[in-house]
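So this first bit is one chain, no partners, the form predicted alone, shown in structure tokens.
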């Protein structure tokens, strides 16, 4: 007959095994994320060329280089997919959520620089290497956060483009971000962090509109007449 103490031991012993197993998984994930974050930082550095006058002509080369570095990212997510237990995506995704959002932003920036269009969720998943995986995927919130980060980067790009004499780029950016803003307004966002980040989009839109308006009143654009920025 088991003593009360033995009963407690029998109940709690498996708990420690579960805790140890979960800690081992998290430690492996942290190691993999270090391997993913290294190329992430490299891609950010490579794409900073868009803000430098002397290197603006090398934009195409920078995009190609960034795409090459994304291969390291895809290898990292391959390893991550093998570590995450089946059906446990949301138990562990706090480890890679921020990095994934940043990588979505970078993938979106590359596509904009190359083609001037908005990246869709499927293409973003392919560039990151999280498409057709068994245990991980590209979460919708991470994709949308990436697009909102893109708007902020393009607002900075619009300002810097003017400083090196590219007066047409802000017009392209203004149209693109306005359409992106219109798309987000179709959504009824209830997620706190996503909603808060979306609220900041209006400031990016206003910043770009002010750049375009200033160019217009100075006669530096090909538009017919200036439109005042929104309040």
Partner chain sequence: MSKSRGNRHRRGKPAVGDNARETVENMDEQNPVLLMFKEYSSQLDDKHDRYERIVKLSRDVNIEAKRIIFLLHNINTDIEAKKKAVIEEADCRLQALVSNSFKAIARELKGQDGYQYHRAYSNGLQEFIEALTFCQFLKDDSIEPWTAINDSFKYHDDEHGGYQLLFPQYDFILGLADFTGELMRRCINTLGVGNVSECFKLCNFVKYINAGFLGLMAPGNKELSRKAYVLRQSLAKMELVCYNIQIRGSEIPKHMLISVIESTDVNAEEDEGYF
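Quick caveat, the model's predicted, so the values are computed rather than measured. Numbering follows the first chain given and starts at 1.
The protein also exists as the form predicted together with the partner chain; that form is not presented, and the subsequent description refers to it.
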item	value
Residue 111: touches the partner chain in the predicted bound form, heavy atom cutoff 4.5 angstroms	no
Interface membership of residue 121, the partner chain in the predicted bound form, 4.5 Å heavy atom rule	yes
Partner contact for residue 81 in the predicted bound form: the partner chain, 4.5 angstroms, heavy atom	no
The partner chain contact in the predicted bound form: residue 156, any heavy atom under 4.5 Å	no
Contact residue in the predicted bound form, chosen from 181, 45, 168, 193 - any heavy atom within 4.5 Å of the partner chain	181
Option from 98-106, 126-134, 70-78, 144-152 whose residues, in the predicted bound form, bring a heavy atom within 4.5 Å of the partner chain	144-152
Contacts with the partner chain in the predicted bound form, stretch 90-108 (heavy atom within 4.5 Å)	90, 91
